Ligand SMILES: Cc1cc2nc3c(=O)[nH]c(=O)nc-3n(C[C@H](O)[C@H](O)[C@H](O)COP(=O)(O)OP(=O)(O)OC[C@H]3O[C@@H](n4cnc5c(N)ncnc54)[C@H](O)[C@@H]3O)c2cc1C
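The data below hold one chain only, encoded as structure tokens and taken in the form predicted alone.
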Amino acid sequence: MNAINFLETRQLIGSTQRPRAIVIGSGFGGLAAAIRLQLRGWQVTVLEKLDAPGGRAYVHRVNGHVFDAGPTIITVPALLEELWQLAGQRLSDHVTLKCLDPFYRIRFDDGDHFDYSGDVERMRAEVRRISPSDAAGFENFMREADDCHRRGFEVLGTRPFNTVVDLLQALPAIARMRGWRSLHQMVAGHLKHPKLRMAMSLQSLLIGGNPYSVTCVYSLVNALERQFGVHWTMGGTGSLIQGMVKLLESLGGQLRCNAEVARIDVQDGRASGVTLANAQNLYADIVVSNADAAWTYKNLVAPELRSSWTDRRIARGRYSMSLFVWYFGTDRRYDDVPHHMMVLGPRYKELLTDIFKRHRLSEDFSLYLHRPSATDTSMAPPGCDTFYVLSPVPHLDSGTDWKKHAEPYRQAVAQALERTVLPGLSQHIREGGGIWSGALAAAKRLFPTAQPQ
């Protein structure tokens, strides 16, 4: 069902009763959809199966450490500001965003690093330090990334692709961007040094895309970061979720936690509400699911109501990587470690091939290390640090036995961090010594996740 078209239809017939909308999931997407629907005249209820809002942006609090379970980076704050402006309010009155400098540090396996920032002159200096001969290529790369941003984000990013005609109309812009090239192919066309090729292409991994297979249109991420910055939400990502919940409720919307949806009810070919896990039925004129598309159709829509085409798409779907995430706190601070750091392993393309194509858990890995207490001391007790470290791994269909591999893998990650950027880590872990230890056992329900590509 096309929710927007149906919304317009209800407005045209001039119904005096507010139509009802149910939104499944209280992640960023679900809450943003709920706020927009509420502003358009719908009576919205958001259903969340966990005991607090956020979905993958759930928050764990353990002995003074605040662990954001999932998202940690805000790159286009204007999209958030728009939500508050539509409601006649200001984002800054509810949430404080801080632009980071550098955005993140990329540490290579030989110990060298690249500080990635929004300062073009400093970026040029970093490029020249690593490879003077790539200076001109970097300028060309920035220009092409800016062009992909204009065509891919500002133009195509605001258009729905509901029909074949919509796709055909987008083809000229895609052709002008030569969108058939992979992101890495585009970067390699401008930059020759392998370190710079990694530094300018790994951004797609932050959203689950293999730089060797996703379209070069994803270079727009580099332009977005340069134009809008990389921001941290003071108090943690959960404070942004709480701000969105307060905005929704101030408009008359409702959030229900501990409300797991077991089924989307369908009547006469249209969604008519949901049935909760406790067997309660809730009526709605439309249902919006913020869960993964494959999960929604496979688990929330009855088999007899799905088309065979849908089942085939789910079965044959190409899924991106999963994420192994370890949350831990230390009884000392590591002030040499910035807020965001990519700790790259000895392999790049080969590791990504193992993850995305061979679906094989490798002995080596590359890591994203998040240290929010570098920017925000409220995220850890005094004199301590809060971390999470994320490793891309094959998705769940790989058959990896995580009951067997989780703890050895965590130990290998801890040893790699101790050897490289967190000296003495094993003696300073305050919370999170085991992957599911103590109160962090709640993280199990978020690990690992398979995301559609």
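Keep in mind that this is a model prediction, so the values were computed, not measured. The first residue of the sequence shown is number 1, and the count goes up from there.
Omitted from view is the form predicted in complex with the ligand, to which the following refers.
Within 4.5 Å of the ligand in the predicted complex, a heavy atom is found for every one of I24, N290 and V325. Of the residues A406, A416, C384, L390, just one reaches the ligand in the predicted complex with a heavy atom at 4.5 Å or closer; this is L390. Interface residue among L300, L97, A87, A294 relative to the ligand in the predicted complex, by the heavy atom within 4.5 Å criterion: L300. Here the chain stands alone, but in the predicted complex its contact with the ligand, taken as any heavy atom within 4.5 Å, falls in 254-262 among 308-316, 254-262, 194-202, 118-126. Using a 4.5 Å cutoff between non-hydrogen atoms, S239 does not count as a contact of the ligand in the predicted complex.
The ligand is not shown here, but in the predicted complex it comes within 4.5 Å of a heavy atom of G29. Using a 4.5 angstroms limit between non-hydrogen atoms, A135 is distant from the ligand in the predicted complex. Interface membership of G273, defined by any non-hydrogen atom within 4.5 Å of the ligand in the predicted complex, is ruled out. Contacts between 31-50 and the ligand, taken as any heavy atom within 4.5 Å in the predicted complex, involve L47, E48, K49, L50.
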